[in-house]
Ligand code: 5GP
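Only one chain is given next, in structure tokens, and it is the form predicted on its own.
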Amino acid sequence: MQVELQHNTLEVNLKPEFSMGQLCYIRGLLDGARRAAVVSHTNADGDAVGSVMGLTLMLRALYPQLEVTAMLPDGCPAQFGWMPLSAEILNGRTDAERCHEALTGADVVFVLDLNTPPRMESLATAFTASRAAKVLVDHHHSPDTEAFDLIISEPLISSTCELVVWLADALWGEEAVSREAATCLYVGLRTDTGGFAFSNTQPSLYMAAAQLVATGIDPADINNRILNTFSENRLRFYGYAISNCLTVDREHSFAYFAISLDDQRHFGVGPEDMEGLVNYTLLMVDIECGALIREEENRCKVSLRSKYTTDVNSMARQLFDGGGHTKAAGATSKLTLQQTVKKLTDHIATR
């Protein structure tokens, strides 16, 4: 029977609470399990990487009998290569056979920082075929209630890493989070809140951050590793993109980057190098909503951001069957780059 943490049942200032049924269900799964898998979404960001690594480290420490396999659909991005376990994360594309075996042979699969299996892309088929108990821990809107056996979903929480902090507290106590695990979880807190600057910050976030810092992690070093990691190619690409690929529509308080495959190949940059580029659209004082449309083979990736009242989660769902958060969302478009741009800009012009 599925047990779900209902959305918006708590005041925004409070950390989440978990029912005894949820906690007993997870403990029972782990006590009887021999193999577990931990997975997140494609094009992993700091919250996906941090939550996968943090939970994996805790499971290995607390359940020595448990073989825990961590994986990401396209591996650990190079910018997070300094983090614990980065070399152990299986890549759903290059390690496809091992990932399939780990997912289909698992007793329990923890799915983090996504709300629907298609966001696993290369791992979605094996996940769906697995007979393992499937536990979702996430902070996005509208989780797929048919895909998981247990859903712990709280969109009011700043990041999945924060939710993992509170779930670990409830399951095993504060001492379960080692310094190594805390480093991973802090990365998610730091990146998903824009350095504690976005509107998803609330008292529970700072409580979680304080608890992680108390383990002895170095927030300044983590911040440096997150921010100061540009390659020369990436830095030159950003300059090019701002000068040549940015369109500003002041009439509708909208700005967007349209990045072609040719431009990406010219500068030798990939999806991980685009992380954060969309936020540059919101640096302009008169822009309320911004987008990054990035061309891939036979499709486009769309990232949407807003400052104030624009609900980009609804926009992503309506236009491209995507989703995310009210002020940060994403989607995949099967249209060409030009068609995707037109569909988005037509919507902005008529809203």
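All of these numbers come straight from a predicted model, not from anything done at the bench. One rule holds for the numbers: they count along the sequence shown, beginning at 1.
If you look for the form predicted together with guanosine-5'-monophosphate (5GP), you will not find it shown, but the lines that follow are about it.
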**Prompt:** If contact means any heavy atom within 4.5 Å, which of 295 to 303, 59 to 67, 281 to 289, 30 to 38 contacts guanosine-5'-monophosphate (5GP) in the model of the complex?
**Reply:** 295 to 303
**Complete:** Picking from 95, 169, 275, 263, the single residue whose non-hydrogen atoms come within 4.5 angstroms of guanosine-5'-monophosphate (5GP) in the model of the complex is 275
**Residue (of 100, 225, 140, 234) lying close to guanosine-5'-monophosphate (5GP) in the model of the complex, criterion heavy atoms within 4.5 Å** = 140
**Message:** Please tell me whether any heavy atom belonging to residue 328 falls inside 4.5 Å of a heavy atom of guanosine-5'-monophosphate (5GP), as the geometry stands in the model of the complex.
**Reply:** yes
**Prompt:** Does guanosine-5'-monophosphate (5GP) get within 4.5 angstroms of any non-hydrogen atom of residue 323 in the model of the complex?
**Reply:** yes
**Request:** Find out whether any non-hydrogen atom of residue 22 is located within 4.5 angstroms of guanosine-5'-monophosphate (5GP) in the model of the complex, and reply yes or no.
**Result:** no
**Prompt:** Would residue 119 count as a contact of guanosine-5'-monophosphate (5GP) in the model of the complex, using a 4.5 angstroms cut-off between non-hydrogen atoms?
**Reply:** yes
